[in-house]
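A single chain, nothing else alongside it, follows as structure tokens in the form predicted alone.
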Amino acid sequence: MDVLGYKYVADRGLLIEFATEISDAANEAVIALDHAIGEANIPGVVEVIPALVNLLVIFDPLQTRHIDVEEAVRKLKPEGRDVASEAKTHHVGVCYEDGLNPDLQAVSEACDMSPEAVIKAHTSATYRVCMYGFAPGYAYLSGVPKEIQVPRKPKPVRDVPAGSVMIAGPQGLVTTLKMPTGWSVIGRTAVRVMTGNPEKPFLFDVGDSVKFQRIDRETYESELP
């Protein structure tokens, strides 16, 4: 996918846009360019932040300029890069039992499916990490099956615990903090996306795949940190 445009942000940022609407193709192009920039060692670049349809390149303005970073990025050729082959697949155990699934029944009713069918659909899909955002460790996942896509709630619910597995529209998420949310919580996992390791603070890399596997309460409790 071709770049839609380059925008200069403040005195130290270059925003590279691939699309104005969310799509897997646009996000795959973002991830491919993110990897290419990371390997290019462009002088002055200090961080690259990929999002759903664009990415922000942050640089040291004492070392380089917007135009120099843009020219270096334009020379990269990430189009033929096989992002999927570079990605890892993470298997995340989820307990969907009562007390850990506050919105499972509501989702099943909204989708005219049984709770078991919702769980089966959720665990049958392969999700892709599209970006991190909103809160530390919040990895936005694409790939929620159409049959269980439900809109956000009209009002957020307070104190949703860390490890909640939730969905909203075509996206999924595993929470890392106790926070309010308007997404539908259908299960809980003991897996922690925030690793505590400064060398690799997040379990998933952007572009990685995630598969959810059903576990019982005993297994879930045994895996809690």
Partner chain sequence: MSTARFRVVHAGPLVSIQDAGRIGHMRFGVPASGPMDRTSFAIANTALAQPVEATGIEVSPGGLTLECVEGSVTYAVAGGGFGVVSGGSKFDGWTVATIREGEKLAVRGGSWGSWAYLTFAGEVVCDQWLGSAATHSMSGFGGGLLQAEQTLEVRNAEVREGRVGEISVPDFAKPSDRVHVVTGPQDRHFEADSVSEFFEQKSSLTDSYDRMGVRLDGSKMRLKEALSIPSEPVLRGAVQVSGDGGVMVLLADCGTTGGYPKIATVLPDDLDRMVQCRPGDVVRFVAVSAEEAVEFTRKKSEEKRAWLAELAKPRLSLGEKLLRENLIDGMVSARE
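Definition used throughout: the rigid core is the maximal C-alpha set that superposes within 1.5 Å between two forms. Positions refer to the first chain, counted from 1. If you're wondering where the values come from, they're calculated on a predicted model, not measured in any experiment.
There is another form of the same protein, the form predicted together with its partner chain; it is not shown, and what comes next is about it.
Heavy atoms within 4.5 Å of its partner chain in the predicted bound form map, among the stretches 141-149, 108-116, 94-102, 128-136, onto 128-136 alone.
Although the partner is absent here, Val9 lies within 4.5 Å of its partner chain in the predicted bound form, judged by heavy atoms. The closest heavy atom approach of Gly44 to its partner chain in the predicted bound form falls outside 4.5 Å.
Although the partner is absent here, Pro170 sits far enough away that none of its heavy atoms falls within 4.5 Å of its partner chain in the predicted bound form.
For Gly182, no non-hydrogen atom is located within 4.5 Å of its partner chain in the predicted bound form, even though that partner is not displayed. Along 196-218, these residues reach a heavy atom to within 4.5 Å of its partner chain in the predicted bound form: Pro201, Phe202, Phe204, Asp205, Val206. With a cut-off of 2 Å and the rigid core superposed, Asn197 has a Cα displacement that reaches or exceeds the cut-off between the shown form and the other one.
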